[in-house]
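Take a look at this one chain, the form predicted on its own, written out in structure tokens.
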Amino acid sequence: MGTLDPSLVDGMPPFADLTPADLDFVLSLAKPVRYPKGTAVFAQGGTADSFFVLLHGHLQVVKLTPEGRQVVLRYVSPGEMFGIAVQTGRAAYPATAVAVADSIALAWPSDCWPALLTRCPALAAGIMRTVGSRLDEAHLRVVEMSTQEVERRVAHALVRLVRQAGRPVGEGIRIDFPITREDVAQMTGTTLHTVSRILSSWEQQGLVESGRQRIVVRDPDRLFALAERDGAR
């Protein structure tokens, strides 16, 4: 297979600092892979034999705790690198990535990472920034879990999702992938019952509208204020 068209990744942060020649080299080692909705891209504990950039669709990254509880760690949107276990010295994936919509990714074999590191240090720097950003995000969520009441945690979770994958619609801003109340509960360390109670209250106040695998933020300004009010005390 020939080198992929560079326009596939035009404007994506991981490739922004590459020269045309380096970009051609990087893409020559990649292959596009389709993941229908519900397909696992990789599984927790599986051999980290590839790393990826998402071109289209959305992925949910989940982790199973030793107690058997599933936790939603994050969502992956187009332009993001994921499955970067080899870059952090891991031999196995620490979580599972599942397509929540029909998705397309570019995949690189993990054993090509040394060549990429040598030939394209700008790509390595971009990936390290990604790792740093994920660590910052994880630390922020730990602080939220430890210090904030549940309503604030749910508000922060929805604000992050709106910023990551919000699409303006007639009634507000829709989170642009299927998401359930159970997903929100797993993101915020609480129960489905609690999230349902909070979202039902917010619906009555006109903040959100939720349905089967669908959440629309009807009043973003009020939701953002609710999320930030706790931290301003």
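Throughout, we count residues from 1 along the sequence that is shown. All of these numbers come straight from a predicted model, not from anything done at the bench.
The same protein also exists as the form predicted together with the DNA; that form is not shown, yet it is the one meant from here on.
Interface residue among V159, V150, A122, A107, judged by heavy atoms within 4.5 Å of the DNA in the predicted complex: V150. For the candidate set M187, V41, I179, V53, a heavy atom within 4.5 Å of the DNA in the predicted complex is found for exactly one residue, namely I179.
In plain terms, the part of the chain that comes close to the DNA in the predicted complex, with a heavy atom within 4.5 Å, is 193 to 201 out of 160 to 168, 28 to 36, 45 to 53, 193 to 201. Interface membership of P20, defined by any non-hydrogen atom within 4.5 Å of the DNA in the predicted complex, is ruled out. Although the DNA is not shown here, in the predicted complex the stretch 203 to 218 places heavy atoms of G211, R212, Q213 within 4.5 Å of it, in sequence order.
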